[in-house]
Ligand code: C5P
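Form predicted alone, single chain, as structure tokens, below.
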Amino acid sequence: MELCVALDLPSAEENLMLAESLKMYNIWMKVGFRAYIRDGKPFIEALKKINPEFKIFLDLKLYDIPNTMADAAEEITKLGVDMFNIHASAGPVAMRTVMERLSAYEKRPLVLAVTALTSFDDETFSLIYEKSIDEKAEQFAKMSYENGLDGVVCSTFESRAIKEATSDDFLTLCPGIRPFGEDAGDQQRVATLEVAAKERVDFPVVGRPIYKDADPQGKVAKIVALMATLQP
């Protein structure tokens, strides 16, 4: 497992202070909608200056017509980030178009597809997709795997089934991780690190339990130490 820290604080200054406090760790940093719309490319560059070994996951969940998604994916690649995501709901043509466009690059980011947002419960998810989360997440994962993506964003509880339906090497990135059983907040499907390890999660994403802690650096130290004991 590789820790991914969600930079979801209200300002660039606060996010960069958090990153500065964690610069001794070569970990992933998740840059989401709010941070990127507000702070843009200079924010990504600032993170890399803090620690060039930080890996950047740009969490924009692209969802549009295939050519527009491929155009955006190409611009994201030029930013030098290490991973980004699209919505699996965009479908197989969009997936193929994105991956074909990025094949021209010698070094491209990892591309993941969002299956079901972890804020959904089964009832509200089925109102939209007319299937259970488990069913649809696996279907989306197979579609993503067959069309050349590197993995999916899913909840911890779908990770093992997705790998069994695709490949052990097909990546799962899972938000909603509460390392030591912290409050779930607005997430519906949360899990501890022990559960994430058992379910073969590759990238556990941790946000509020770190940045709301009085000692974020100490919290990450505990998380990293626990993860080391959970590696197979």
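Numbering starts at 1 and follows the sequence shown. Quick caveat: nothing in here was measured; it's all calculated off a predicted structure.
Keep in mind that the form predicted together with the ligand is missing from the display, and what follows is about it.
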property	result
Options 195-203, 56-64, 163-171, 39-47; stretch whose heavy atom lies within 4.5 Å of the ligand in the predicted complex	56-64
Contact label in the predicted complex: Pro216 to the ligand, heavy atom within 4.5 Å	no
Proximity of Thr118 to the ligand in the predicted complex, heavy atoms at 4.5 Å	yes
Non-hydrogen atom contact Lys222 with the ligand in the predicted complex at 4.5 angstroms	no
Contact flag, Lys23 vs the ligand in the predicted complex, heavy atom cut 4.5 Å	no
Residues in 202-227 close to the ligand in the predicted complex, defined by a heavy atom within 4.5 Å, in order	Val205, Val206, Gly207, Arg208, Pro209, Tyr211
